[in-house]
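Just one chain is shown here, as structure tokens, and it is the form predicted alone.
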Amino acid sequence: MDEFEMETMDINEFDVELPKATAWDRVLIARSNDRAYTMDYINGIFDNFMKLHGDRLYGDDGAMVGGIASIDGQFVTVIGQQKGRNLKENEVCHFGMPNPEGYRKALRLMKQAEKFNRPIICFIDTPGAFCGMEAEERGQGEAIARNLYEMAGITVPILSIVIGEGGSGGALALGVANEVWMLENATYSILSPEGFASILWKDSKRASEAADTMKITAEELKELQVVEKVIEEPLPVTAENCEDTCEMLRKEMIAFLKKYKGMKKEDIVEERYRRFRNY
């Protein structure tokens, strides 16, 4: 084999294992500004999406989007955290960190879904709940805790999908579901790797080391049975290339909805209860 033949040969012809993405690599991909966000999935998966606004108590929060949509002829309630791609968008959605009114809006839509017997599909993508003084004054902790409590007893099936960052209680407030799925390059954790490193080692610069320690990747969480399904990403999913992932998720969602169609309400709640008791 001459030098030219070696240089032009496809790497797949060699029995070589490419380097596996590290946990920190996944964190950086999940945080990427090119990552597909909640509205990209809503527009790519569902039909006839109608956005709803407000918590009927304080106001509307751009970091939490939700409404009614249809999939395969069935109406569902769709809720998710939304990030922005530029400063103007992030001023509206607080960099994907909801305020209390965002979580209260989400709960309002969940209770509405329960009233009209619509399944609930949640998209999780947040570094955490907004932690400013005004959020604390309006009851951030209570709003998140209320979601956890109420979601545990919702009588319609709930599916939650971690599509990017799944950080802290801000993510878990949409995560009390019958099934939780993750995209391959998403992360799901109790706090950020920087915060973990700051607390454990008093050094936020050890974030990449913390990411390995925390077991925050989809593969690790599937092994720990924290999530039921990992959605593969042959290439990291972006707003520009998410069509195939949307189609895959659509098929999986339809199967999920068929699985729970006709199931008794008390059985849906019991299954969700047992899922979390298994931890």
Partner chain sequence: MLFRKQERQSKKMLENYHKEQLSEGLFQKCEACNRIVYTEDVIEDYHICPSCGHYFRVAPMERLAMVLDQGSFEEWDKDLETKNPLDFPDYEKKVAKMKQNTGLSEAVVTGKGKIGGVETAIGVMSSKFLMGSMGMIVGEKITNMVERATKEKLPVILFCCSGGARMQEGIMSLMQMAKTSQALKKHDQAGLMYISVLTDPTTGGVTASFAMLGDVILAEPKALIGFAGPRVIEQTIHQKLPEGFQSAEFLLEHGMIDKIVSRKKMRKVLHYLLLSSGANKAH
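Numbering follows the first chain given and starts at 1. Bear in mind the structure is a predicted one, so any value in this text is a computation, not a measurement.
Unshown form predicted in complex with the partner chain; subsequent notes refer to it.
Taken together, the three residues Leu52, Asn99 and Lys115 all stay farther than 4.5 Å from the partner chain in the model of the complex, as judged by their closest heavy atom.
Of the candidate stretches 71 to 79, 115 to 123, 86 to 94, 144 to 152, only 144 to 152 contains residues with a heavy atom within 4.5 Å of the partner chain in the model of the complex. Proximity to the partner chain in the model of the complex, defined as a heavy atom within 4.5 Å, singles out one entry of Cys242, Val226, Met253, Ile29, which is Val226. Using a 4.5 angstroms threshold between heavy atoms, Met214 counts as touching the partner chain in the model of the complex. Residue contact with the partner chain in the model of the complex: Ser189 places a heavy atom within 4.5 Å of it. At the 4.5 Å threshold, heavy atoms of Arg108 stay clear of the partner chain in the model of the complex, well away from it.
The partner chain in the model of the complex comes within 4.5 Å of no heavy atom belonging to Asp267. Contacts to the partner chain in the model of the complex (heavy atom within 4.5 Å) from stretch 160 to 190: Ser168, Gly169, Leu172, Val176, Tyr188, Ser189, Ile190.
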